[in-house]
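Only one chain is given next, in structure tokens, and it is the form predicted alone.
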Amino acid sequence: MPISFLLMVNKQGQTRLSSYYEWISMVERSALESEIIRKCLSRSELQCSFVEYRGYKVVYRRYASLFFIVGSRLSKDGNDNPENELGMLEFIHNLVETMDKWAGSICELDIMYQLEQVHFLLDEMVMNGYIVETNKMNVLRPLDLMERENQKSESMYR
């Protein structure tokens, strides 16, 4: 099963980025989001980072003041989801390392003020719910090119 959604949430439970890879109505999306966020934030650091909730396998990890939450749907026949939890944790770690390389030390403000670039970075790594690229340099190269072109166009008008 592919990734169904990815959330970046602060310690207060405010969603800073959400990316969905399957269609979910807005009402269901906001209810699911708030319940999963509440569930993940209420767990202690000593508890496991894997949760099964409302038909989803949820893997989360906290980095500084941000929680990175990834969910994938359980299989339809009721058996366990074939998605590897440790692989999902490793993906979250790789995503954070890539964002750190891009923005220095990633923080909540970087996500809020550069949301378009963060979505672009995420889209370079995940396509249709499947992880397609994990090499940091390959992910960051298009972002770097966009920033260079943006600087060129800004300098032309000065």
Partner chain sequence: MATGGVNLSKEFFELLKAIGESKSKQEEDRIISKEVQCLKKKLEPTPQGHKNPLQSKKKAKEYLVRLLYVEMLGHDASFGYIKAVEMAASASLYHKRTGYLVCGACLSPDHEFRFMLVNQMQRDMQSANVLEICGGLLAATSLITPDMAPAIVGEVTKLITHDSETVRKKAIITLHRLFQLAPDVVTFDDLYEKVRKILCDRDPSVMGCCLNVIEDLCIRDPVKFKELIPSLVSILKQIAEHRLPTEFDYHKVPAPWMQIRLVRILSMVGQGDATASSGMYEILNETMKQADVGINAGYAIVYECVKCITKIYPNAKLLDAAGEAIARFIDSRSHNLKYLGVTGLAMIVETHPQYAAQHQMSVMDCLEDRDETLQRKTLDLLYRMTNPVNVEFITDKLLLFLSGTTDVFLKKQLTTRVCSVAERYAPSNSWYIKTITQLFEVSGDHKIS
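Positions refer to the first chain, counted from 1. Given the structure is predicted, the values throughout are model-derived calculations rather than measurements.
There is another form of the same protein, the form predicted in complex with the partner chain; it is not shown, and what comes next is about it.
Candidate site Lys11, Leu32 and Ser72: all three near the partner chain in the predicted complex by heavy atom within 4.5 Å: Not one of the three qualifies.
Contact of Phe68 with the partner chain in the predicted complex (heavy atom, 4.5 Å): Contact check for Phe68: no, nothing within 4.5 Å of the partner chain in the predicted complex.
is_contact(Cys48, the partner chain) in the predicted complex, heavy atom dist at most 4.5 Å: Cys48: contacts the partner chain in the predicted complex.
Interface membership of Ala64, the partner chain in the predicted complex, 4.5 Å heavy atom rule: Result no; Ala64 lies far from the partner chain in the predicted complex.
Arg38 within 4.5 Å of the partner chain in the predicted complex, heavy atoms: Because no heavy atom of Arg38 falls inside 4.5 Å of the partner chain in the predicted complex, the answer is no.
Neighbours of the partner chain in the predicted complex among 83-109 [non-hydrogen atom within 4.5 angstroms]: The stretch 83-109, when checked against the partner chain in the predicted complex, contributes Glu83, Asn84, Glu85, Leu86, Gly87, Leu89, Glu90, Phe91, His93, Asn94, Glu97, Trp102, Ala103 at the 4.5 Å heavy-atom cut-off.
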